[in-house]
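We begin with a single chain expressed as C-alpha cells, specifically the form predicted on its own.
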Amino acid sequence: MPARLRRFDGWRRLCAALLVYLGALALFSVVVALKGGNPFSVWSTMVRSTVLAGPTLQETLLRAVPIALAALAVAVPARAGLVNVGGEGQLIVGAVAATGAGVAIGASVPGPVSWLVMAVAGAGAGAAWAGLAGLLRTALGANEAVTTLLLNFVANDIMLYLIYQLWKDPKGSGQPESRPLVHAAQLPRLWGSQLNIAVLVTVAVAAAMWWLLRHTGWGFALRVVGGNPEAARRSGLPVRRLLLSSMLVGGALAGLGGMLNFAGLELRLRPDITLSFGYIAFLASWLGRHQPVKVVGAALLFSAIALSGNGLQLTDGLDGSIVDVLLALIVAAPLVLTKRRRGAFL
C-alpha cells in the first residue's frame, strides 16, 4: 500500500475511533438524563472530583496502582494465550501475605527491610495463587479462566476468616480488620504529598514488563505460544513451562499490587480492601490490548472513573454505581470500531 494511502487509512481509523468513543460519552449522558441528572453537571463533577484538585488527583493515582499491576497480571499470561480472571484474588492474597509479614515484623527492623519483606511476601503469595491455576491448566487441562475466577472467592474467604478470627484487632472498634501497620513499615510519601513510592514502583514495573515482553527471548516465546501453541511445541519450545511462567509472573505482579495498596494506602487488612479492582483491571488490560503502556493508561482512566462515583453521589445525588455504565460503554466501544481487530485503547 502506498504511503499516502496508509496515512489516509490511519486518519480514517483515528476519526472512526474518536466518533465511537464520543458516541459512548453521549450515550452515558442520555443515561444520566434518564436518571434525573444534569449531564453537564455530571461531567463537571467527574472531572473536578478526580483530576483537577491536587488531593483528588493524588487519590486517583494511588488507586490506579493496584489496578495497573493487576491489569499487567492479566496482560502477561494473555501474551501466551491464557485468560487470567484472578487478579482480584491475587491482589487479596498479596495484601494478606503483606499484612502477615508487616504486622509480625512491626518496627523491629528498618523501614526498607520491612518494605522488601512485605513485597517479597505479597509477590510470592500472588505468584503461588496464580501458579495453582497454571498447574491445573498445564497438568490437567483445566480452563484457567474458570479456575482463576473461582480462586477469587477462595482468597476472599481466607481473608475474611483471618480478619474476623485470628487477625482481628483486639483494640479496634469492633470492625473486622487487622492491627494497623506501624508507621516505620508504611511506604514513605513523596514530596510531602499523599503520594507514596508505590506510584514510582508501578511505573518502574510497567517499564520493566514492557522491556521483558518486547526485547527478551522469553517475551518472544510467549508471543509464539500465544499465536500458535502447536507450532511452538513442534519447534521445541517448552510450552508448558512458558504457560506456567506467565501465570507465575502475572500473579506476582498482582500480589505486589496488593502489597503496595496495603502498605501505602490502606494500612489495615479489611473487607473490600481491593474494591473489585481485580475485575476492573481485567477490563483495563483488554482495552489496552495487553500492551503494558496502554494497559497502565487504561488503569488510570478506570481509576478516575471509579472514584468519580463518590463525587456524583455527594454532588449530583446519583447512585455512584452509575459510573459502571460508563465503564461498560468504554469497554464496548472497540467492538464497534472493527469486526476484525479486537480493539485498541486510544
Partner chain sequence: MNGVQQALIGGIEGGTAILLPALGELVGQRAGVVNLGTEGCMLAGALAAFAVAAVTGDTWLGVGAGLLAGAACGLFHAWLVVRRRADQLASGLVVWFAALGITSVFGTGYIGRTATPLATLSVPWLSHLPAVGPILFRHDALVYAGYVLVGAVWFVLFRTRVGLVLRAVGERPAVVAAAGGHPQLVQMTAVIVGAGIAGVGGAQLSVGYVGNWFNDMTNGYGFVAVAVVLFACWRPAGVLAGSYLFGVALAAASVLQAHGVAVNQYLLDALPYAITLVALVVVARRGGAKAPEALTAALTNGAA
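Computed from a prediction, not measured in an experiment: that's the story for all the values here. Residue numbers count along the first chain shown, from 1.
Below, we turn to the form predicted together with its partner chain, even though it does not appear here.
Its partner chain in the predicted bound form comes within 4.5 Å of a heavy atom belonging to V325.
Taking the partner from the other structure, its partner chain in the predicted bound form has a heavy atom within 4.5 Å of a heavy atom of L283.
When contacts are judged by a 4.5 Å heavy atom cut-off, G236 does not count as touching its partner chain in the predicted bound form. In the predicted bound form, its partner chain lies farther than 4.5 Å from every heavy atom of G100. Stretch 153-161 is the answer when you ask which of 90-98, 114-122, 182-190, 153-161 has residues with heavy atoms within 4.5 Å of its partner chain in the predicted bound form. Within 4.5 Å of its partner chain in the predicted bound form, a heavy atom is found for none of G106, W167 and V203. Of the listed positions (L195, V249, A80, L213), a single one reaches within 4.5 angstroms of its partner chain by any non-hydrogen atom in the predicted bound form, namely A80.
Of all the residues from 213-234, those having a non-hydrogen atom no more than 4.5 Å from its partner chain in the predicted bound form are G226, P229, R233.
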